[in-house]
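Here's a solo chain for you in structure tokens, the form predicted on its own.
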């Protein structure tokens, strides 16, 4: 048996996102979409807004030394240009609770949901969206920088624009004709029947994608002007595209990797101190292998994170694995998935990638966007009828890795 040790100070933890766990948020675009019957309602979710100390106690008991969370924009800026100091004080208490337990906070300033005043006026289709976003990010960082060093401006921008302006499954529900046939999972082929179909959405998609680039870059500059010592980055989902020996498939994979990962990253990397990697999906053109499936109908292929990390090596920035996990209600594959993921992170470090931490998705079962509360990603199971927390067995496997700062392989 070999022990794969990690660098001293390596960060081990899990992640959550505000709308998915907090509950009681009714003034954003997802809550409005739920009222219109376009997505499942979130409601009280996991009541994490009130129960965060209990949840952080669990994280601490599981050997975690960090935690990734997000700030709910609709709470902070419920009216354009007017910020709610009471909500800032809430998040300050959250950060103090993390620090009291020895959990280093990693903040994602925006994780998909938009306040209603912004979404109803066009959201990221607005020409002035980068300025508005930068103002919000600078405000949040300025209020929290004494309690947190690590800030990401946004989570998975390509996922946001693709689900909102190509697939039509997320707000604002705009869809390309025939896009369902381009999905790499069968679950991705289910399109919201209320989505707005049109070829013009292709132009909007490209426009919003570039506006997100500008928004991140503007936010980075605004944050650094106010808080020069803040560590600022972006969280990027890398979908790994590979191919068999067929040259046509190789070209397809080459094009898709450049479209999905390299194109966006090349336009923001100069304004990143670090990069957050989210990994869930891969597609191998010409592949005949039959994969085990998660409850999201995603291939169980944790080994792909090795290549995803090596793809980011070119940018010569520190990397945190900010999300990687599985929907697995029966807790059948999660422990093995975590072990394989950690093994691949170790391989990447040995091969020159400056990986500094891993945050499993997610600490808690939560609201999984258009899929509602069905998928179960959590190290901790939530009984949504009683809000009872129950630690899954796989969480103890991860605990051994965290506490030992090593994987026994």
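Positions refer to the first chain, counted from 1. Since this is a predicted model, take the numbers as computed values, not measurements.
What follows is about the form predicted in complex with a small molecule, which we do not show.
In summary, among the residues 111, 150, 175, 283, the only one with a non-hydrogen atom within 4.5 Å of the small molecule in the model of the complex is 111.
In summary, among the residues 328, 299, 156, 77, the only one with a non-hydrogen atom within 4.5 Å of the small molecule in the model of the complex is 156. Of the candidate stretches 275-283, 328-336, 198-206, 99-107, only 275-283 has residues with heavy atoms within 4.5 Å of the small molecule in the model of the complex. Residue contact check for residue 377: one or more of its heavy atoms lie within 4.5 Å of the small molecule in the model of the complex.
Among residues of the shown chain, residue 72 is not one whose heavy atoms approach the small molecule to within 4.5 Å in the model of the complex. Among residues of the shown chain, residue 261 is not one whose heavy atoms approach the small molecule to within 4.5 Å in the model of the complex. Residue contact with the small molecule in the model of the complex: residue 162 places no heavy atom within 4.5 Å of it.
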